[in-house]
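Just the one chain here, the form predicted on its own, laid out as structure tokens.
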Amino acid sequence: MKNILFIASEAVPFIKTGGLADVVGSLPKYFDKEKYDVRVIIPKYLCIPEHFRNQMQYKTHFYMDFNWKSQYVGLLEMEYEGVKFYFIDNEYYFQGFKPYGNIYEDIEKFAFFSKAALCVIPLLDFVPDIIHCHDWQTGLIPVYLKERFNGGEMYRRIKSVMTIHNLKFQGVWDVKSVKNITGLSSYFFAPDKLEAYGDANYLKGGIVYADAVTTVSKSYAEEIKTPFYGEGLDGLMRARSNCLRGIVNGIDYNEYNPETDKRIVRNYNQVTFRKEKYKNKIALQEQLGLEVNKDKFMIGIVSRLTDQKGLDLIQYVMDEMCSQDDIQLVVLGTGEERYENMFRHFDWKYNSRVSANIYYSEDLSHRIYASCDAFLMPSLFEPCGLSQLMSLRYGTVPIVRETGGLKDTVQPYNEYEGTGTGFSFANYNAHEMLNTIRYAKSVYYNRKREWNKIVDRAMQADFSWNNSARQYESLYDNL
């Protein structure tokens, strides 16, 4: 039996700010339970819903030297869907209405969390063979393992894996402060270790010191070795390329299942979608005040409203796209103010064709995946992306830019060979995107049987966690 410990800043269902939480909360359930005991440590944030906090059981507590003070470290545990979760408790660091987002506080908070997570290991009835770290918030763990925890026999044999979910976020702060907070010596703040461009960089430390590095799709693993996608660390990614591999994320096929989903109006599957799927569309049109017409080509966008997601391309051609009466656009998400206001403006201008929902709702997101004909995701870069996997699952045809995980998971439609699960374009160009949307629209209106075959193939594609879990198992075995 191999013992694997995931350490991360968030996990569903307890706390979620992005796709990282889906991975950390879902993936452990899919390992072979006979061979792998996978457990998870996250912080016990005050903003975790109360009904979960009430179920956590106190295990122990101690005091730890950190940042020149003695800090309380509480350890709680609970089991959820067959996986054991541990929670590090400290009300000073983990208070507040959201888990993180202020880099000044986060730098100290996650240095504390990383050290505390390693300190609690002897108190668990569980000694990990491998610690699997996720994103910059846990970047110090491989560093600490090699620096102050390598004296004990238990820690010396632990291997570490660092997974990069998005290279853009690196945990960067000035060297002097980080040296004080972490207690690391000057030796560690050199250009071949934690220092990058004059600052301390948590993620870089994790990448340098981990025994293996992974990211969340094969294409993204290649892209981050280039200056455009490398976010200043492309040289390091090339240097570590022999230890770097891309393993595409999955989604929870029980949670996202059009046949059993309680959040949608009419359930359907790969056989019945022709007769049933459009009933979700009609219900959504009525709910959002769009023109009710089951044949209207409806495109969905569920996204953080940021530059990364290609919204500047959409902004550029929005008038051209919506000025004709053969398309409807449904948007759900929050983000940068200019994009929120842009979609509000077009909702006002094309009221029966565009619906802008500038908030987030899990229920509405499921309805959009189930109701729309196509799903638009023209990202500038996309480490993996989960929305296109959800839309494939619901038979909503993705229209994507060929980058990162989008390139790996959406097979472009080929009308001559009768293959493909979606539509894609290569260059980051608004009119190339618009032409791809128009091509998809013409297939939808003029070759309905072909369109239904694309939907059929999309719903057959398997991006459940089972496939990813097997690849992680082989990585652990190699280590």
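This structure is a prediction, so every number in the text was calculated from the model and none was measured. One-based numbering along the sequence shown.
The form predicted together with a small molecule exists for this protein as well; it is not shown, and the discussion that follows is about that form.
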task = May I ask whether 3, 131 and 469 each come within 4.5 Å of the small molecule in the predicted complex, counting any non-hydrogen atom?
result = no
ask   = Among the candidate residues 365, 257, 352, 293, which is the single one with a non-hydrogen atom no more than 4.5 Å from the small molecule in the predicted complex?
value = 365
Candidate from 184, 377, 237, 210 lying within 4.5 Å of the small molecule in the predicted complex - any heavy atom = 377
key: residue 139: touches the small molecule in the predicted complex, heavy atom cutoff 4.5 angstroms   = no
In the predicted complex, residue 361 touching the small molecule (heavy atom, 4.5 Å) = yes
query = Taking heavy atoms only, is residue 309 within 4.5 angstroms of the small molecule in the predicted complex?
reply = yes
task = Please check if residue 11 has a heavy atom lying within 4.5 Å of any heavy atom of the small molecule in the predicted complex.
result = no
request  = Would you mind picking out the stretch of 190 to 198, 298 to 306, 311 to 319, 282 to 290 that comes within 4.5 angstroms of the small molecule in the predicted complex, counting non-hydrogen atoms?
outcome  = 298 to 306
